[in-house]
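One chain follows as structure tokens, the form predicted alone.
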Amino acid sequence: MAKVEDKVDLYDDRGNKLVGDVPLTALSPLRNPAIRKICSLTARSAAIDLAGLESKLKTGAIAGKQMIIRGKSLSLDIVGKAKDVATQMKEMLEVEAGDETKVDVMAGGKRLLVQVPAARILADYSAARTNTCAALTHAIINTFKVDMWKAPDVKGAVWGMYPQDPAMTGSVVATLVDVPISNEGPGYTLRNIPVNHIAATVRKRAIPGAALSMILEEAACYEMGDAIGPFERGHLLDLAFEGLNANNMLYTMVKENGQTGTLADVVYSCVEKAKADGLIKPKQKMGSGYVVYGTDDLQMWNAYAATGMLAATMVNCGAMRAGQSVPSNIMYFNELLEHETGLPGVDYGKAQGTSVASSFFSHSIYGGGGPGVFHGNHIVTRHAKGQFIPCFTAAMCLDADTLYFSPARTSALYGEVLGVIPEFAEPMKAVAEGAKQIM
């Protein structure tokens, strides 16, 4: 790793100090045990809709709502036998007795939380989904003594449209990560998670949602080679300040402006904080009186700017209780910040540019989605790496279901099942505890 000497204090989403004097390197996805666990669980965890599976088999809609096979009906009390199914699945998925395999029954048998052991992921994280589907199929067939003529129906209901559709449309097994064929390039696995899935998983709490979103985004930056050498410190600073509320800056800016502030007020707060900390200083005064600022630490400036951008998003979207404005919040926060200081906006201009395209695709002529269905792998939003998507997540956490594609509509299963995982539910506390272990 590159030599990084910075230290920060970590605070939670209530402004309470979690741990002080944390070396920035202790927040690295390569070293922090909590971040490593979050990434591992993201790849290994699956949510199963047993109630949905029972309904599919009974109605013949085994490959999705529009794929009903008339005359097909298989009435199985899958919810009632959930414990038997779970026990069999665990036996099949275990590699060694007592390993990290988990198959938990939830919601009175309507849902299962599955975590396959790390030993099953040899080179391709898809093993979490494929092994879960296979084990579930076998467990249903075994539990209900399904004959050879009906077994394909069970397989179809579990796996969905696979293998005709590699995305497995219609499957009752859901994972946060998408299938590899959907990734836009090397290292994009952890960026290919829709915003609504994250928002649902953290129970629509904005700062923890942004934290979990940014942990995954920054971990992906490590995997795609963006955080190598001199660039590593910049990524760690962004993660610390915007994602983990380092030095309580994010919380303070939101609190200062939350009641009566506007987006521009957050810009002023961000600039004044940077001036007070000696990060930026007047460089040149123009004839008009306009002052151009300079800095000796552009990476730290980017971290401050990214924190302000998230704070501005929370203040604006929180005031209107709606997430629609997140692209314009990002755009105009950066526009005003650049005009106020003469310094570059977040990700050195890429956040502002990305906001233009994301606004067009979600609100303008195209209008085919909404902020909640975007992710860092999307053609429109992948250009600003790390700092951009957490703003979308925070916006959808603050949204009062004003959008057609709300977390409740698209991602309820994820929230209900994966939201019980402690590291997902409280990512900031988990990372702080992880940092304590290696400091």
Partner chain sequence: MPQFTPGKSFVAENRRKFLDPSKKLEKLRDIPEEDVVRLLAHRAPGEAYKSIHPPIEEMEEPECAVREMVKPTPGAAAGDRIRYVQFTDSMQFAPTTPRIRPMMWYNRYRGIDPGMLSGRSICEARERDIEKLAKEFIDNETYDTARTGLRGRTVHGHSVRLDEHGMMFDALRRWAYDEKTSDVRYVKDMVGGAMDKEVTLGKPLPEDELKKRTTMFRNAQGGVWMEGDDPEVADVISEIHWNRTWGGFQPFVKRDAIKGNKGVGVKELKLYVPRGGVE
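Numbering follows the first chain given and starts at 1. Note that the coordinates shown come from a computational prediction; the quantities given were computed from them, not determined experimentally.
There is another form of the same protein, the form predicted together with its partner chain; it is not shown, and what comes next is about it.
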### Query
Hey, of 339 to 347, 180 to 188, 81 to 89, 218 to 226, which bit sits against its partner chain in the predicted bound form at 4.5 Å between non-hydrogen atoms?
339 to 347
### Query
According to a 4.5 angstroms non-hydrogen atom cut-off, is P230 in contact with its partner chain in the predicted bound form?
yes
### Message
Since only the chain is shown here, I'm wondering whether G261 would be in contact with its partner chain in the predicted bound form (any heavy atom pair within 4.5 Å).
### Response
yes
### Task
Using a 4.5 Å heavy atom cut-off, state whether Q284 contacts its partner chain in the predicted bound form.
yes
### Distance check, S171 to its partner chain in the predicted bound form, heavy atom within 4.5 Å
no
### Query
Since exactly one of Y251, F144, F361, Y162 fits, which has a heavy atom within 4.5 Å of its partner chain in the predicted bound form?
Y251
### Query
Pick from L398, A34, L57, A46: which residue has any heavy atom within 4.5 angstroms of its partner chain in the predicted bound form?
L398
### Task
Using the arrangement in the predicted bound form, list in sequence order the residues of 309 to 334 with any heavy atom within 4.5 angstroms of its partner chain.
M314, V315, N316, G318, A319, M320, R321, A322, Q324, S325, S328, N329, Y332
